[in-house]
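Only one chain is given next, in structure tokens, and it is the form predicted alone.
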Amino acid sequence: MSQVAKRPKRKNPVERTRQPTLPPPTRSRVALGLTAAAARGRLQLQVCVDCGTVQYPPREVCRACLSQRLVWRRQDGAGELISETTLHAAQELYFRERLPWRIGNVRLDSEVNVMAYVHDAVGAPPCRVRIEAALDRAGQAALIAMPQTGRPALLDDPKLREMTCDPRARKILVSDGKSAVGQAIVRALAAAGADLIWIGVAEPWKQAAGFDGLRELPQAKVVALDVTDSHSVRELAGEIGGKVDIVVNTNDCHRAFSLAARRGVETAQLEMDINYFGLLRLAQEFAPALKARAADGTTNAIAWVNVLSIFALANYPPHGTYSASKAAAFSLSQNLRAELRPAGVRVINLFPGPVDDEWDQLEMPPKLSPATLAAALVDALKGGVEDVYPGDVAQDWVARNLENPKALERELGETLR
């Protein structure tokens, strides 16, 4: 059974405001390879190209043959919990505030031992487990021993709760609920158990198909929010900023055509005003409120989610100015992540491939349905990750971008010929 705590009483303004504490945030450069994989929800360990040895913790050279030819490869995490202990003392303030901690020694099937947090659902050793990588509150990789079968929620373990941004019992702002993607996200968050969902609406006189059905959701509350208007954003932040646990930025202005196929800059300015400056206005007003609530017990502010586009990684010429606006938003979101990380608030970026909507009509399948994108967003909140690439196109693009970004750029440029 989930142990979701009740919202605490109103703060006493005379008492000291509690400051957030974080696990140790520093890692060596080589160890950040583990964090990079955990940010995508993957467990990857170093493997020696010369002798095939899998090793942990990360090192500069192979522990078996001293080769420097090490690569990061995905692991299934299967292994056996061979011993465990419960910590009742700690030097780090973060752990000292949360004692006791259950940790264990796991022997992976790849013949490497790892130390991991042990989920409450795991039985006593010896027993089969599965190691997963997640991000802790400092944004660094942490290894968690989970039961071999089934996947209990991180939220169900009081010690691991802070490694997840599960929307269950949370108050969430969805910045634009009129689009097909926005509507699907609202429904997915409601189904995931959100306590209250504020649905931002700009230009309420424009009727959007299916939007009236959202008003019937018991958790839904429609609010006026126009991200192109600083006053509108500031006014809503003053009203609900101190209550929001999760902000989901779904604002999106998407227009097709390449640079040469469109005259003037007005459309590009609109894309930039919504996709980039809209995010900036939201961040300026809501980010300070999230940081201020970072230590509000188990119901603290926990996450900021940006729905971006895989076009942010490499410009797709048929959607040239849209790609540029999303690239700008991606860069800004990296800055936002750096500013919110000291408070333990996670910034999650989604990079979906083409979505099955009016602006991607001419794109060939496969395309994402809004419901599939919404499900990926909820999974990201539950899974303790930072970067998500929903859909086959996004998975292909990110793999090629990591392997050879120049080749991806040239191949995408061929689409205009």
Partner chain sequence: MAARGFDDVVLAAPVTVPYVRFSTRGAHWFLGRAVAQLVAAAKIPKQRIDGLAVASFTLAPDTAVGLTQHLGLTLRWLDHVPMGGASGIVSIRRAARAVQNGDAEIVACVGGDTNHTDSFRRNTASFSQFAQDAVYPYGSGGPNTSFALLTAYYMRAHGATREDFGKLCVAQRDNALKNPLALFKKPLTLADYLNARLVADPLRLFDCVMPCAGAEGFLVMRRGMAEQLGLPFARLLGAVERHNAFPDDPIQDRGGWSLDRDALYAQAGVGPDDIDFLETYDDYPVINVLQFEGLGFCPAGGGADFIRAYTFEVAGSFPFNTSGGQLSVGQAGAAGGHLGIVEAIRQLTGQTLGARVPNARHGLVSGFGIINYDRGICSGAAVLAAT
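Because the structure is predicted, anything quoted here is derived from the model rather than measured. Numbering follows the first chain given and starts at 1.
Another form exists, predicted together with its partner chain; not displayed. Remarks below refer to it.
With the partner omitted here, the stretch from 85-93, 170-178, 335-343, 307-315 that lies within 4.5 Å of its partner chain by heavy atoms in the model of the complex is 85-93. Put simply, of 41, 353, 370, 58 only one has a heavy atom within 4.5 Å of its partner chain in the model of the complex, and it is 58. Checking 129, 116, 329, 194 against its partner chain in the model of the complex, a heavy atom within 4.5 Å turns up for just one residue: 116.
The closest heavy atom approach of residue 321 to its partner chain in the model of the complex falls outside 4.5 Å. Contact annotation: residue 103 falls within 4.5 Å of its partner chain in the model of the complex, judged by heavy atom distances.
Although the partner is absent here, residue 107 is a contact residue: one of its heavy atoms lies within 4.5 angstroms of its partner chain in the model of the complex. Within this chain, residue 125 lines the site of its partner chain in the model of the complex, having a heavy atom no more than 4.5 Å away.
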